[in-house]
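There is one chain below, alone, in structure tokens, taken in the form predicted on its own.
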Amino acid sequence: MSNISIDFLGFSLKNPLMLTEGPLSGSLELIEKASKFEIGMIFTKGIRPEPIKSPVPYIRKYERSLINADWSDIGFKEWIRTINSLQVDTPVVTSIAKNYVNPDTAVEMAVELVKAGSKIVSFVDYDPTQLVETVKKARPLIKVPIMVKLPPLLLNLEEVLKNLVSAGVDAIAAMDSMGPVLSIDIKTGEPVMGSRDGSAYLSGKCILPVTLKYIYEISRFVDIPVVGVGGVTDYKSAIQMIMAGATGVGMVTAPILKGFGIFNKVASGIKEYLEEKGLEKVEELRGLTHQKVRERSTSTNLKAEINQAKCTSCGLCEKICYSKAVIMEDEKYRIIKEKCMGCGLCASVCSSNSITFNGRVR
């Protein structure tokens, strides 16, 4: 029987899935509701000093993703009461919206949250230097684990991570939503979001490849737990995140669009995958991609091949082949090897999974 539980900062989690910062963890009632599902850990919505409401509308579906401009919060005093009142088995991380306060205030908030019962504190900011300073100030005063959530695409990533570890951070989450972005209503010309200039942030399925690369790089540079957040919508994307090096896997957009039950579905999918692969623990998948990259070799001479027995003659490969290497012959498609560029696009659109490269499925 495969085991999908993990150890995370001294806590035994029933699975690596985490509800990270967002509208679904913005109150006592929502956290209590979330705790009834297959969620290993819950991060509160970003905690701000005072209550605030976002201009509406502030969340909109975008393809299979979201754009959002949700800055609302119940305020620090209410969060203190909430943490004092929490009685759930799922470990809860109190996430401080550091970008709205200076480091000293953020540390004061963290100290009070720990006094109220917080077991893990996380700081979120788009300025990494502020995160480093905050962790450095918080570390001598806070005995519980400290996390930070990084903004997307830091150019000086290795340096930032080194400074955070030196400052005393215990775990890294990445990444925050990408942006700012803009979506426009072509009927009126106005932005669709309620914020003053229509600015919002992008999350969900469309940012998965960006997040995967980010987590892959972060886990190269640090030997502390990493939580991958951004683009996970099913068990396959969760497994990719773990293979890239993540210890925990965060989800926000998927449960907003599909409900908390998506956690149960993803957890079940991970367990079934492990059993199919004959693996005992989910930890056996962690960082697998790093190993594969070290072992792999590259080639510039792979050619596509079509398995005639599997080919359904849907014609997609011929339609998208820019080198015109796919032709129809005897009512079946085949590859002209001399024309094939080996780009791989045909295999990625093949509906019957009948295209390989030199015998290897791409």
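Keep in mind that this is a model prediction, so the values were computed, not measured. When you see a residue number, it is the position in the sequence shown, counting from 1.
We do not show the form predicted in complex with a small molecule, though everything after this point is about it.
Practice task
Note which of Ile83, Met175, Val282, Ile146 lies within 4.5 Å of the small molecule in the model of the complex, where distance is taken over heavy atoms; exactly one does.
Solution key: Selected option: Met175.
Handout entry: 4.5 Å heavy atom contact, Gly22 and the small molecule in the model of the complex
Key = Heavy-atom contact with the small molecule at 4.5 Å: present for Gly22.
Handout entry: Any non-hydrogen atom of Glu38 within 4.5 angstroms of the small molecule in the model of the complex
Key = Looking in the model of the complex, residue contacts with the small molecule do not include Glu38, since no heavy atom lies within 4.5 Å.
Practice task
Check whether Ile239 has any heavy atom within 4.5 Å of a heavy atom of the small molecule in the model of the complex, and answer yes or no.
Solution key: The answer is no: Ile239 has no heavy atom within 4.5 Å of the small molecule.
Exercise for the section: Evaluate Leu164 for contact with the small molecule in the model of the complex, applying a 4.5 angstroms cut-off between non-hydrogen atoms, and reply yes or no. Expected result: No, Leu164 is distant from the partner.
Exercise for the section: Assess the spot marked by Leu154, Val210 and Gly287: is the small molecule within 4.5 Å of a heavy atom from every one of these residues in the model of the complex? Expected result: Verified in the model of the complex; spot residues all out of contact, no.
Problem - One stretch from 321-329, 27-35, 41-49, 295-303 that, in the model of the complex, holds residues within 4.5 Å of the small molecule by heavy atom - result: Single hit among the candidates: 41-49.
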